[in-house]
Every structure is written in C-alpha cells, then in structure tokens.
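Quick setup: one chain, the form predicted on its own, written in structure tokens, and binding and motion questions come after.
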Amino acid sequence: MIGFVFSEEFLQRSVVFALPILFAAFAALISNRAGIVNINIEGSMSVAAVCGTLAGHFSGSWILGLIVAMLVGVGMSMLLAGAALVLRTDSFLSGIALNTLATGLSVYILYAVLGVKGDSSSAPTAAIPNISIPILRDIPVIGKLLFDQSLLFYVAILCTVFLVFLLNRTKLGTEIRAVGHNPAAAESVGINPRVVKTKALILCGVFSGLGGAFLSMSYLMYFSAGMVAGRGFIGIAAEAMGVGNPVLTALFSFLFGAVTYFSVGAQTVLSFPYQILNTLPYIMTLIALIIYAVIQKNKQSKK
C-alpha cells in the first residue's frame, strides 16, 4: 500500500480528483468573502455539467461546451442573487431549494434533449483536451503530475493566481472583503453591497461551471446523473479549512482529492469492503469541518 500512495500515478490521479473540488472551493471562497453563504455550488455544478456536455456534443466544440457550462453556472448563481439579494430570502435556505431544483432539472434537461434519464453516454461530448508536454512529462515523479494533465489543471493554477491578485491588489477585491466583513460600514463609504455581492456571485458561477465542465467534459466524456456526488460540499469544506486563502484552499482541495482517489484506488490494494473506503472522503470532510469549528471557537474565545 505504501508503494501505491507514493506512486507517480497516485499523485497524478489525486490532482484529477481534486480539480472539481478545487473549482467548487474557489466558488465558495469568493462568495464567502463577499458575505454570502452559498451552498448552491453543488447544484450549479450539476446543471452546468449537463448543459456543457450537451452543447459540446451538438456543436462538436469543447470551447462552446465550456462557455455554456460557465454561463449556466453564472445563471444558477444569479438565481441565488435574485432570491437572497432582491427578495431578501435566507441565502442558506435558498441554496437548499436551488440544489433540490438542480437535482431534478439536470435530469429533466437530459431527458428533454436526449430522451434518457441516466446518462448521456450515447451522445459523447467534445472533450476538453489534455496538455502533454514532451520530455517534461517524462521527469520522474512530477512529470505526469505537472506536464500531462487536463487543460483545466492549468486553468486552475491561473485561477489561484487570479484570486490572490483579485483579493489583495484590486479595488473589487477590497470591496468584496469590506462587504463581507461589514456591509454597513462598506455602504457608509459609498460601496453598494448588493452590486459587490452580485459581482462575487458571477465569479462564483464561473468557478462552479468550470467544475461541472471538468466532470462531464474531461473526467468523463458524458453527463451522468449524480456525478457531482457531493464534490460541491467537499469544496466548501476545503475552503473552510483554507480560511479564505486561495493558496491554502488549493492545498486542502488537493488533500481532499488525494483522499477521494485513495478511496477508489485502494479498493484494488486493500481487503477492506469498498463501502467503507467510499465513505473516506465524507469522513474527511466531517473531520475537517469539526477542526475548523474548534479553531474558530478558540479564536472567538480569545477576543
């Protein structure tokens, strides 16, 4: 088992399993920084996944499929914005409602377009390409990890840099942090909290769309009902452990991805029942949230 955990394949596959979690975590990060609890990420990823793969199939273009997935992710976020910011509903409860809607909506879209309810394997999509760099991919240990991955792996790296720059070096980033910390104080200096939160939710939708597109256009070449499988919620846990820091959030997303791949890959190595191994990502999520809650409670008690 030691050889399995420290193998080149384990590192590479851990990144693959981490990518949808990472995009979900970035979506949670930008919305939380703006002061919005967004648990609609899971549902946004699901609807974006089905719409992206169908657009890619009928157009024959992975670029169009990716764009559609991001637009659908933004659309789902705008539904939350309309409910929470315009109608003044509770964002948490609105997120639950939208997740419930997304579960049925994704299957309905699949059935309305293809006449099937399980998956779209009969209509494979145009795949987001892998980037494989000759010579560099043959470097021991890190070659395939860094130089033989999906295009969205490199997009994720750029997104990490973008978020660091956005939150710490731009006016919008300052406004997002100000609104998330104290909306009333931000409004007193001329910042419109509703506009800033809407902008944050647009970015949140883009990240959700990227996560959904990866699942249905790179990890698999088709949409399958339930394929998001809690990755949106695991991403929220990764963001919580990263305490709003994009780099830490990325590292914890990789950790969750490694645990998720271990639960799958170790089924051929260990003699444990696969049902127990399949629970590891969710146990890890629970432990992470407990640790985060304890840390936050200790911080508050010291104030």
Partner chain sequence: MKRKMLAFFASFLNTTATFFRKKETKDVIWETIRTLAMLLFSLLCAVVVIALASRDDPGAVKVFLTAPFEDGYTVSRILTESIPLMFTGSAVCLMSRAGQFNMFVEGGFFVGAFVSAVLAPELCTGTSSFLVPVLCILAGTVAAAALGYIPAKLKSGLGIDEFVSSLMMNYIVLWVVLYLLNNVWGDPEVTNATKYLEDFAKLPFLSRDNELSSGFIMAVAVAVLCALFLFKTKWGYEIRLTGNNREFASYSGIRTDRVVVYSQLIGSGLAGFGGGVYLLGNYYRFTWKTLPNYGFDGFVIAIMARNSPILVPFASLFLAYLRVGAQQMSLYTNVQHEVIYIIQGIIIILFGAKFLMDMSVKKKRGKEMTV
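The term rigid core refers to the most C-alpha atoms you can superpose between the two forms while keeping them within 1.5 Å. Predicted, not measured: the structure shown is a model, and the values here were computed from it. Numbering follows the first chain given and starts at 1.
Keep in mind that the form predicted together with the partner chain is missing from the display, and what follows is about it.
Q: Only one of I234, A55, V47, I36 gets a heavy atom within 4.5 Å of the partner chain in the predicted complex. Which one?
A: Filtering the options by heavy-atom distance leaves I234.
Q: Taking 4.5 Å between heavy atoms as the contact cutoff, choose which of Q149, T103, T198, T160 touches the partner chain in the predicted complex.
A: Comparing distances to the partner chain in the predicted complex, the residue within 4.5 Å is T103.
Q: Closest heavy atom of A229 to the partner chain in the predicted complex, within 4.5 Å or not?
A: Taking the distances in the predicted complex, the answer for A229 is yes, it comes within 4.5 Å of the partner chain.
Q: Since only the chain is shown here, I'm wondering whether L203 would be in contact with the partner chain in the predicted complex (any heavy atom pair within 4.5 Å).
A: Because no heavy atom of L203 falls inside 4.5 Å of the partner chain in the predicted complex, the answer is no.
Q: Is S61 one of the residues lying within 4.5 Å of the partner chain in the predicted complex, judged by heavy atom distances?
A: No, no contact at 4.5 Å.
Q: Please run the contact check for I135 against the partner chain in the predicted complex: heavy atoms, 4.5 angstroms, yes or no?
A: Result no; I135 lies far from the partner chain in the predicted complex.
Q: Which single stretch, out of 92 to 100, 120 to 128, 207 to 215, 68 to 76, brings residue heavy atoms within 4.5 Å of the partner chain in the predicted complex?
A: Within 4.5 Å of the partner lies stretch 92 to 100.
Q: Select from 55 to 92 the residues with a non-hydrogen atom within 4.5 Å of the partner chain in the predicted complex and write them out in sequence order.
A: Stretch hits, in order: A83, V86, L87, R88, T89, D90, F92.
Q: Please say whether, between the shown form and the other one, the C-alpha of V15 moves by 2 Å or more once the core is aligned.
A: Where the cores coincide, V15 shows only a C-alpha shift between the shown form and the other one that is less than 2 Å.
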